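Below, in structure tokens: the form predicted on its own, a single chain.
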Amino acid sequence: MESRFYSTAFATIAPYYDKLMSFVNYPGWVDHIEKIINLNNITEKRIFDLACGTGVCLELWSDRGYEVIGLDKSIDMLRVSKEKLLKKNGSLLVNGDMRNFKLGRKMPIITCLYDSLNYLLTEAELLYCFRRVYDALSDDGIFIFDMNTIHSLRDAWGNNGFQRRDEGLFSIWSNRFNPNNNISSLSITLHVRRNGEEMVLREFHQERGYPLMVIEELLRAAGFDCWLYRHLTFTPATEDDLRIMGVVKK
């Protein structure tokens, strides 16, 4: 896999990302997160979403009466998000890096979803992000995130490839897992038709899996109390889960 032949992640596929992710039950994710918010007696309806992407969850939160702020490194993804939020009151989009952002205001709820944290490829980067979240979180605020496990990247994604068709899009996905650093490298080749002509778009993505113990240690080093669960449950997480969810308090 030659990454130099591929575009930066979340650039060329941005206009097609929602179709590619149409299988994800985002409303169900938001329902579960709202349960966590209510269980923690947080009444302020303000959410800051790191790596907000195309703003699917921001739109869902806004429709539920939340003031939303989204941060993403990709201008292309933010353009799609902006279209969703144009007519929504109390919304703000910020172009920035989740490793070194400064929000300038405290938020009671911060989220980071769909394995965005796995895109941070070193423990140092992950800790930088957790410290920035700590600084941006209100006292007694809550940080909710999900991550792919090593098991997911190694055994489910593995060294596999597959093809998909999604509402007129044809895509080829090819994964390679490096057991030396627990990094999965994914190349996506997307065939689309625009103005009657077929275009071929290519992107290169990398995610790193972390042992649960390391995630907990980094969160505590940032100053948090933390609980890790199997995704969309309140069952304690294990290394055998494919995706975990973190519930973190300041």
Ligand SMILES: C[S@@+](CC[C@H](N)C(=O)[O-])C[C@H]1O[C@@H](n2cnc3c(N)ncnc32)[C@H](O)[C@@H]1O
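Note that residue numbering follows the sequence shown and begins at 1. Please read all numbers here as calculations on a predicted model, not as lab measurements.
Below: the form predicted in complex with this ligand, not depicted.
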Even though this ligand is not shown here, does Phe204 get within 4.5 Å of it in the predicted complex, heavy atoms only? no
Test of understanding: in the predicted complex, would Leu93 fall inside 4.5 Å of this ligand by heavy atoms? no
My question is simply whether Met77 lines the interface with this ligand in the predicted complex - judged by any non-hydrogen atom within 4.5 Å. yes
Asp97: heavy atom within 4.5 Å of this ligand in the predicted complex? yes
Taking Ala51, Tyr114 and Leu120 together, does each of them reach this ligand in the predicted complex with some heavy atom inside 4.5 Å? yes
The listed residue (Leu126, Ile142, Leu71, Leu153) that reaches within 4.5 Å of this ligand in the predicted complex by any heavy atom is Leu71
Within 4.5 Å of this ligand in the predicted complex, counting heavy atoms only, one of 132-140, 82-90, 98-106, 165-173 shows up; tell me which. 98-106
Residues within 4.5 Å of this ligand in the predicted complex, restricted to 204-231 and counted by heavy atom: none
